[in-house]
Structures are given as structure tokens and as C-alpha cells.
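Next up: just one chain, as C-alpha cells, the form predicted on its own.
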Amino acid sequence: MLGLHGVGYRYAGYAGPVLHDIDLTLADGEIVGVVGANESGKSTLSLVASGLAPGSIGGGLSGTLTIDGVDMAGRPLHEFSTRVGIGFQNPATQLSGVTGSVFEEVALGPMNLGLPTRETVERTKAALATLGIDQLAEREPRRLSGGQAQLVVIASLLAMRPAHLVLDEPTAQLDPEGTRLVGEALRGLAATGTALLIVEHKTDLLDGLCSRIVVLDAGRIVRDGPADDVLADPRLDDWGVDPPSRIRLGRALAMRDLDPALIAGVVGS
């Protein structure tokens, strides 16, 4: 379980905090989506939940971050890395630059954990297969497209099999098919007990994937509840969040006195 209790965070050099009084708990196997307008604090929340803020970038943290019941205040960054994985929207920030193939890139994490060779190979093959990128195994990482590189980064995280995973806009550079593959992979990962915190502007991805949705506005949680309820909240527009397509279509039909149930066949097809 990953928990933030009364957490606030201020970047070094900032006059005031970016996050205010954040209370958020992720249970094992739970998928929680985070939405909000630009500059609402979503990426900062990802950094704090993973320990990179203030562990790596400095700044001031108030409140408490606990992982599996352990208060992480003052603990070295390497203790976070064995408990929480984090993925960013720009894959260039996470590719190692030292491997000659995608297979080696994905295997790098398990190798650094000191796992036996057989388990490292099994994890690497499974991660590549899950995301449907087996054919990229021998490709040099520097020859990948942006979307392919993002899938490789996510595969690298999957191979680590972290107990907790924080993803900041994981499908930003992916087409609809790549987004679908990532969604399926994350659903399968949660089924193994991994807790997932997903910052994402694509509410269609979060719809049906997340059990809960958290809405951030000006660094504060303004809504936290079941995904269906939050994604249908009419205040989403005021908070700078686009509802998923099924909600938009349903509202459009209702405005024309048509049965919103008509979208069931459209969305499901």
C-alpha cells in the first residue's frame, strides 16, 4: 500500500507550495487515475509519490509518505527504487543509452536487481510479449520511434514487477492501438497485486481501467471517488478535464432528446 497523508510540496526556489494537503492511498492491485488541467500539480504528485521529490530534485516536503506501512521520510533514494517504479511521458529520459538492443534494455532492470539469468530472460520476454513488441527485441534503442520507445520504457518497468507503479502520461506518444496495448498490460499488472497511480489526460484510457479517479485543481484534491461517478461529474469541464467520449456522446444525445443508451452499441463496437 502506498499512502500520502497531509502532503504538501514546494519546489526549491518557489515562493509557495505546488501541492497542498494531499491525502491519497493506493491499495495493492488498485488502479487510480489522476486528472486535472495543466499546472494543476499532476506531475509533481507523481514525483512525490515515487520519492524523486524531494529525494532527487530537492525542495520541501511536508506531511508523510508511507510505502507498505513504512514512513519513507529521510530514506535514501535507492530504497524507493526497489519499491516504486515511475515512468515519464518522454521516453528519452528513461532509456539507458548503454544497451545495444531493446531486449538488453528491458533486461537491464532485472539484471540490476541481481536476478538469475533464467528469470531475467523470462521476465524480459514476457514484458515484450505483453506489449506486442517482440519484433523489436533486436532493434537498437536509438532507432526507435517515439511511440516504440515509450512502449520499451513501459516494458522495462513491467519487467521489474514493482509493487507500486507511478506513470506520468504513459501514452502521450502512442497511437490508439499502442494506448490499448498499454491499458491491457496495466490491467494485467494490477491483477498481480501491483498498485498503479496513472496521471493521464486521455480519460478514455482511464475509463474502464481505473477503479478510482482523483481530480487535482491548483495543487489540491477536489474530487476523489469511483471512476464512473467522477468521469460523469459535470464539474470536470470547470477543472479543465475532458470527459471520456461515452460521456460526451451521451450528453449530446440527451440534448437532442435521444436515448443515451444508443451509445452502448457505438462505444462497444
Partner chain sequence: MVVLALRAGVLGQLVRVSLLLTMPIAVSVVLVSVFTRAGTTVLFAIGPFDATVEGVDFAAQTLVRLFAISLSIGLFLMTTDPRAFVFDLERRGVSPRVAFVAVATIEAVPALVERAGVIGESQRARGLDTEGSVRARLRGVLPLIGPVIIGALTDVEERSLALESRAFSRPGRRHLLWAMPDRTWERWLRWALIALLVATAAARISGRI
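These numbers come from a predicted model, not from an experiment. Residue numbers count along the first chain shown, from 1.
Missing here is the form predicted together with its partner chain; even so, the following discussion is about that form.
For a residue to qualify, one of its non-hydrogen atoms must sit within 4.5 Å of its partner chain in the predicted complex; all three of Q94, T99 and G109 qualify. Only one segment in the set 190-198, 67-75, 131-139, 112-120 has residues whose heavy atoms sit within 4.5 Å of its partner chain in the predicted complex; it is 112-120. Checked against its partner chain in the predicted complex, the candidates A149, M160, A163, A185 yield a single residue with a heavy atom inside 4.5 Å, and that residue is M160. For the options V34, C210, L47, L231, the one in contact with its partner chain in the predicted complex, meaning a heavy atom within 4.5 Å, is L47.
Although the partner is absent here, D168 is not a contact residue: none of its heavy atoms lies within 4.5 angstroms of its partner chain in the predicted complex.
In the predicted complex, S62 stays away from its partner chain, with no heavy atom inside 4.5 Å. Taking the partner from the other structure, its partner chain in the predicted complex has no heavy atom within 4.5 Å of any heavy atom of V222. Shown alone here, L26 lies farther than 4.5 Å from its partner chain in the predicted complex, counting heavy atoms only.
Residues L52, S56, I57, L77, H78, S81, V84, G85, I86 are the ones in 48-87 with at least one heavy atom within 4.5 Å of its partner chain in the predicted complex, listed in sequence order.
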